[in-house]
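There is one chain below, alone, in structure tokens, taken in the form predicted on its own.
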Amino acid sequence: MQSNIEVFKERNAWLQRTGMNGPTLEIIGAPEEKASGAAARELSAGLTRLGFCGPQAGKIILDVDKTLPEEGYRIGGGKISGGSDNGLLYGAFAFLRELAQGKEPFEIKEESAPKARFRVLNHWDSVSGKVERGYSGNSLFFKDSKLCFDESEIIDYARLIASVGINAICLNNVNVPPDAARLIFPESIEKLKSLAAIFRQFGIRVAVSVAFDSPVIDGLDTADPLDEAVSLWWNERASELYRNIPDFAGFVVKADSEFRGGPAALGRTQADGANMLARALAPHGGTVFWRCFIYDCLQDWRDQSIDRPKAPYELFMPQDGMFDENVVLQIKHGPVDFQVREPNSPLLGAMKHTAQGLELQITQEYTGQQIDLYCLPVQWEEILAFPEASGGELRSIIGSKITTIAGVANCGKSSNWTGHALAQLNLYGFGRMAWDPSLSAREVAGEWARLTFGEPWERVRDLCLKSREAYEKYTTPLALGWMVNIHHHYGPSPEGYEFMKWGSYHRASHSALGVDRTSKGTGLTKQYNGKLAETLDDMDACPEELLLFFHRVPFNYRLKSGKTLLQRLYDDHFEGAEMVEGFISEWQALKSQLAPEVFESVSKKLALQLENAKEWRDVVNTYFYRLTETPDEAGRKIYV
């Protein structure tokens, strides 16, 4: 992962102990003309950056060992082995990661292989050059409605994401007008081919988002997946793509969702639509990543029989076993939409005969927008530990039922790719946890902080790890969700979505809060496995962090702490803002140990975060006070 500052005190100490000045390691094997030469180049460049230069002291042997998993590697005894050229590249990156954290080269021993077959970044780039939720700057790939990129910049970006194990990238946004999704049309193929060639050097396959209605854009009368002319059109597009890009990964598709066209609009099933595309790609080894984010977005708020979180399960479960082998159903981690806290989607792991993908969001759309500090790996660790349909932790079925982990990404043309220097942790953490879902947030945050900041790494790590708790407290604790400003999704608006058609409701009254999703309410709890369903169905047994997602709770209900629900809401909002004040103090104390530009940029972000935290605190506390006319027991000021 690209560092903000290159402070490797452990490396310097090692050099001093050994008395070495000079290339201490010679690289043997992996000639430049082979693809595995990428591993040699990265290793050589990395050793130079880390200062291993001077008289010869040892050899590192690079070797492709076909007995290892294809993308796996083994490090030990002065040798890096990979199951393929790509595995060797991952091994070289892993060796450099350990070396940069202070380990001595010939003491590094590690063997690893990824759990998920596909570890994908889904970019939200528009062909205009803008990025939806583009908190990190403009697109790396597009400008003025065409593919337009700086080759050296793309090389750096490819190296960045390959270093944490990403092996596929979807270049364009699923949320685009159909006429903008023309990357598979002849006028784009040559540029797409050039871009794919750059990513290929780093073991990354290119995918694109396509509009289901693309044949109509090109002049056909219909996009009906059972129409022979439509199938022929997609077959021709696929053949042309693979003639130019033989390792093309496939299509990401958002269909029948939020006003996009799809098979349901034509009287066909989701399987009909996905399979038609899959059969065009199958002869070439391509995959269809079919997103399951489908729900009624024209809901009448008066109609309490419709419950948005139930929709994906109701739609896709009856079609289990109907999808072709090269279709992956890509499922958002929660049944709503990347909220600060929600349960896992009941669809994850429930389908026994269909490949599934776990979709996470790196962009922080609802979690601070790379203004507010928010450590997403903390949330992802909880998601990976959540029970899946058969009762085990979700991470236990990654590599079997779940073949793909996709992260919605908005990396862009900023000085650090992510807009906020500390938001780099989220990109790093996604790659590492997609590779190895057993990793904890503490482990990946520690790695990233040590690689990036050197000596103060533990203090930076600990600050980041507390950030999810703070954000949850001053925004929407207890899985309350939403309450954000409509459209831009930043800052508080307690009833911003309450009477809208999107199905995002909390239904607050003067006496109670939350939606009853139990077996006596909308019935969402019945979509979970038996034991979990029983737990979630019982207000007293339901984990409190999910309480307001599943239950309609009186404000005077006593939580396990003895506090009323209302007092817990007051306390959390005050405490969350106070935590941000603490972050500012902690960051200021690190000033002498940080690069000035990093210190200043993060200081400015934290100041904005404190303004946001106070705004959330005051708006939400006032909202609940006005509903209940019950004061804060601690007597703190509420702006009534």
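Treat the numbers as computed from the prediction; the structure is a model and nothing was measured. So that there is no doubt, residue numbering starts at 1 and follows the sequence shown.
Keep in mind that the form predicted in complex with alpha-D-glucopyranuronic acid is not shown, yet the notes after this line are about it.
Trainee: Give me the residue from 90, 124, 550, 212 that has a heavy atom within 4.5 Å of alpha-D-glucopyranuronic acid in the model of the complex.
Mentor: After the contact test, the surviving option is 124.
Trainee: Please tell me which of 458, 258, 534, 320 lies within 4.5 Å of alpha-D-glucopyranuronic acid in the model of the complex, judged by heavy atoms.
Mentor: Going through each option in turn, the one that passes is 258.
Trainee: For the interface check, one of 78-86, 285-293, 509-517, 269-277 should have non-hydrogen atoms within 4.5 Å of alpha-D-glucopyranuronic acid in the model of the complex; which one?
Mentor: Flagged stretch: 285-293.
Trainee: Is alpha-D-glucopyranuronic acid in the model of the complex close enough to 333, 382 and 472 that every residue in that trio has a heavy atom within 4.5 angstroms of it?
Mentor: Looking in the model of the complex, the three residues 333, 382 and 472 all stay beyond 4.5 Å of alpha-D-glucopyranuronic acid (heavy atoms).
Trainee: Could you tell me if residue 365 has a non-hydrogen atom within 4.5 Å of alpha-D-glucopyranuronic acid in the model of the complex?
Mentor: Output for residue 365 is yes: heavy atoms within 4.5 Å of alpha-D-glucopyranuronic acid.
Trainee: So in the model of the complex, does any heavy atom of residue 420 sit within 4.5 Å of alpha-D-glucopyranuronic acid?
Mentor: Taking the distances in the model of the complex, the answer for residue 420 is no, it never comes within 4.5 Å of alpha-D-glucopyranuronic acid.
Trainee: Hey, in the model of the complex, does residue 327 get a heavy atom within 4.5 angstroms of alpha-D-glucopyranuronic acid?
Mentor: Answer no; every heavy atom of residue 327 is more than 4.5 Å from alpha-D-glucopyranuronic acid in the model of the complex.
Trainee: With the partner left out here, check for me: in the model of the complex, does some heavy atom of residue 254 sit within 4.5 Å of alpha-D-glucopyranuronic acid?
Mentor: Result yes; residue 254 sits at the interface with alpha-D-glucopyranuronic acid in the model of the complex.
Trainee: So which bits of 476-490 sit within 4.5 Å of alpha-D-glucopyranuronic acid in the model of the complex, heavy atoms only?
Mentor: Only a single residue, 489, comes within 4.5 Å of the partner.
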